[in-house]
Each structure stands twice: as structure tokens, then as C-alpha cells.
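There is one chain below, alone, in C-alpha cells, taken in the form predicted on its own.
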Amino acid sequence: MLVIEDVSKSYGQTPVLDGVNLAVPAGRIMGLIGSNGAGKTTLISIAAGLITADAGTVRVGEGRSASVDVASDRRRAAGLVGLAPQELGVYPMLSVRQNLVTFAELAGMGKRATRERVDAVVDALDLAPQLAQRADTLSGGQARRLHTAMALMHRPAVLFLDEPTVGADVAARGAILDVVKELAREGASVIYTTHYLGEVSDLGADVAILHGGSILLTGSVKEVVDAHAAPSVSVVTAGVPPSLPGWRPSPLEGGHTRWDAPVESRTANPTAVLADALSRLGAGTTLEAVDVTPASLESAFLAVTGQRLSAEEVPDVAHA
């Protein structure tokens, strides 16, 4: 349903995407994960037809003969694609219903189909009580649900959701995940970016890791974790740097430093690695936090890219 082939994009002299290849079959959800600045939003913008790639092609629709080239036939492609970008795109002066009807009209939907679809979408995302309410009076979670609902109005064959639950409350997040899974069951292809890696598992999604302008790997969560994940061990210190040969330091705010255990120290007993590190902390070094994380998608991402998924504040002290 979605095929991205050899897509490259630079801004001036800065390359962002370098030969990206990705395919998402009908009825599947692809969790696209990468650090901030990895190019996820640029890739989605190209695939949705908002910006033009420097090279490569994006096609949407089933079968090469019946699929549509997004760059050369944007009008037809737009009828197949739904997009909910990270930044909210609701019309604040319009009611929830008016926002939904506006997007249905833009998609060329008739009045009866629009009424039926509004009812279905608001029920799925629990927006019925707010139908007559102006968008600028909604809570953050309600606005995020409306934002997603607008992208669903025309039942897109390919749906792009860029950090759809950022700022959403628990209820909004659950409603959004449920409607995404339902859309996939109906046969849509979904590209879903998130920093909340638990959502990828909750969605039953496949995983694509975008790093350095390329897709490094794809697979199911289980395949990625089994092949690449290991327990991770880290400590956060202040003051005199400790002697931790092979550990990777990462500066944090406030003069703190996170130290990540080297990949070669992966072990079934990560607490032994931590105990050895603690024994090496000398005078003048202040221990701020420790973290032992079991094998997970987060640790697989760290192993594959050498980076944590997102910049982190100094964590609370955890006990191994």
C-alpha cells in the first residue's frame, strides 16, 4: 500500500535523508522510530506529498500498476493519504463538528457520507460530548483526538501519524491507539512515529529504525529485540569524572554526566556490571542515579544506533 524507494533529501548542504527504502503492506502499522532530527517528519512530509524529495519515489495504492506516484500525481495521492502532523492543525474558531465537516468536504465527501463518518469517528475517539464545542475550548487531550479524527474522515488507505499522542492524556492516548488498530484491521497502511516505545508494542506494529538518514533495520518488535537488545546499565554522576574504561559518557544539564556501559559488557547479570562500576567511583564523584533496564526496544535502539531515543533529564535515583 505504501512503497518508498531510494528517497533522499537535503536542506542546503545538510543531508537529511539518504536513500530511504521502506514498504508498508495493507493492514500493517509501521512504528517509525528515530532520535530527534533523524528525519522522520521530513520523510512523512515527502511521503504525504507536502514536500518534494531530491531523489527517489513514493507510491501509494495497491499494486505497482494501480499505485499512484505521490510527487507526479498529488491530487490522486491526496485522496488516498491521511496525515496528522505533530503540531496541532485544528481550526480554533470552529466547532468539533465544523472541523470534521470541513475536512470531509475537502476530501470531496457527500453530505450523507459526511454525517455517517462524523458519527463513526466521534464515537471511536469519544468526542460526541464536544461536537458543538469550539476547538479553542477543548482540553489538550480532546484537541489531540480531534486532530487525529480530521485525518481519518475520508478513510485513508495510507495514514501518517507523527507523534500523535504527544501531550495527550491517558484517555486520549488509549482512544487514539484503538482507532489506529481498527483502521489497520480495515486494511489501511499506517506509519506511526513515537518516542513512547510501549505504544509500538501495544499497536502490534512492525519497527523501522531511521538513523543517519537511512533505515537501518525493519522487523517485528520481537525480531528486533531478539536480534539486538540486551540489558542496559547506566549511572549518572556529578563532580570528578569516575574511572569507567569503555563506558560512554553523555553530558546532561546541570553538570551531570550519564555513563552507559559498553556494548561488550552485555550480560545476563547486569547488576554485576553495575556493582563493578560503583566500586570504581572515587572521592569527589557524586552518584546521582543508577539505571538497569532489561532487554527492550529501547535497548535495541541504543545497540543499533549508539544513541538513546531522546534527550533525557537527570532521572530519579533508581535501585537495581
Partner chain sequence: MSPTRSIAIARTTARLVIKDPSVTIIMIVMPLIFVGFLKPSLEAQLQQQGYAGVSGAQAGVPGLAVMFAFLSIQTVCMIFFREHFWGTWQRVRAAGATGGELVIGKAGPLVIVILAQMAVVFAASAWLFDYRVTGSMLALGLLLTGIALSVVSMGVLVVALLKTLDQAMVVGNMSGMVMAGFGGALAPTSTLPAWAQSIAQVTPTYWGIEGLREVGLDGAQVADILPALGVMGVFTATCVAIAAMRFQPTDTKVGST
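None of the values given here were measured: they were computed from a predicted structure. Positions refer to the first chain, counted from 1.
There is another form of the same protein, the form predicted in complex with the partner chain; it is not shown, and what comes next is about it.
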Discussion item. To verify the annotation, which of these, Asp226, Glu186, Asp119, Glu105, has a non-hydrogen atom within 4.5 Å of the partner chain in the predicted complex?
Written reply: Glu105
Worksheet, complete the sentence: the partner chain in the predicted complex has a heavy atom of only one listed residue within 4.5 Å, and of Leu244, Leu88, Leu216, Ala113 that residue is Leu88
Fill in: Answer range among 147 to 155, 227 to 235, 123 to 131, 244 to 252 for contact with the partner chain, defined in the predicted complex as heavy atoms within 4.5 Å
147 to 155
Worksheet item: Taking Val20, Gly27 and Ala55 as the candidate spot, are all three within 4.5 angstroms of the partner chain in the predicted complex by heavy atoms?
Response: no
Worksheet item: Can any non-hydrogen atom of Pro92 be found within 4.5 angstroms of the partner chain in the predicted complex?
Response: yes
Discussion item. I'd like to know if Ser201 sits close to the partner chain in the predicted complex, meaning any non-hydrogen atom pair within 4.5 angstroms.
Written reply: no
Discussion item. In the predicted complex, does Lys181 come within 4.5 Å of the partner chain, counting heavy atoms only?
Written reply: no
Worksheet item: Can any non-hydrogen atom of Leu281 be found within 4.5 angstroms of the partner chain in the predicted complex?
Response: no
Discussion item. Heavy atom within 4.5 Å of the partner chain in the predicted complex: which residues of 13 to 31 meet that condition, in order?
Written reply: none
